[in-house]
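Next comes just one chain, in structure tokens: the form predicted alone.
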Amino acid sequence: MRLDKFICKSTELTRNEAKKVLKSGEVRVNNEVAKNPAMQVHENNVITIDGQQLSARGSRYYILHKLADTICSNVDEVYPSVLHGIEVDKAFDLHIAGRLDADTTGLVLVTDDGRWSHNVISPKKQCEKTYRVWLRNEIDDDNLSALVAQFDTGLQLQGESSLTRPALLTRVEKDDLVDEASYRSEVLLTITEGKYHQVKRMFAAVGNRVVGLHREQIGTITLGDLAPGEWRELTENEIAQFS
């Protein structure tokens, strides 16, 4: 963890205030003066400010049902950050574990535990992420099996040197449709990596276009009854699967 982040997790100081304290020379790591905000520190380090030893607060873990026209960023841009929707102290010290585009809705995991979020987003961990996808063109029954096989084999995306990892494509059954009119054009896609605009690019690679996208699940974590815009703390069992 960065030293300035550790100080923020151990005090009421903001990131800018922590950097000022570091610059003053009041911070020591293992009894050595430390001024570099980016210095990496660990749980077994003894960190003090003006002789007072710091102890970091426990990490925080949340699930948020993301609205459209919000961004997975710590900074507001054209659209506001999703972190405005999480009503906790120092919400903007958190970060998003697996971002969604501004026009994409659904499940977002938010934390201040960098190692935990790495286990969510690292391709090596092969964490499954399931998306509900609405397509411009319907998928005929005759073409469905071939398309499923293509996604399972891997697709060549423009600008990529290798195929995508095997992905599971299934049609949404009529009883589970969000909109009955979207039968044959509403599908579920499960992937284990997170390339830039990957879902949209995968369907573009097979001559279709995504017109709506919603993330439903990460690992075994689902939105459940969480309404759009709502959030909650993750349970111990939900946290443990990525620890």
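Start at 1 and count along the sequence shown; that's the residue number. As the structure is a prediction and not an experimental result, all values here were calculated from the model.
The form predicted in complex with a small molecule is left out here; the points below concern that form.
Participant: Name the stretch: of 101-109, 115-123, 145-153, 82-90, exactly one has residues whose heavy atoms fall within 4.5 Å of the small molecule in the model of the complex.
Facilitator: Result of the contact check: 101-109.
Participant: Using a 4.5 angstroms cut-off on non-hydrogen atoms, would His197 count as touching the small molecule in the model of the complex?
Facilitator: The answer is yes: His197 has a heavy atom within 4.5 Å of the small molecule.
Participant: Do Leu213 and the small molecule come within 4.5 Å of each other in the model of the complex, heavy atoms counted?
Facilitator: Taking the distances in the model of the complex, the answer for Leu213 is yes, it comes within 4.5 Å of the small molecule.
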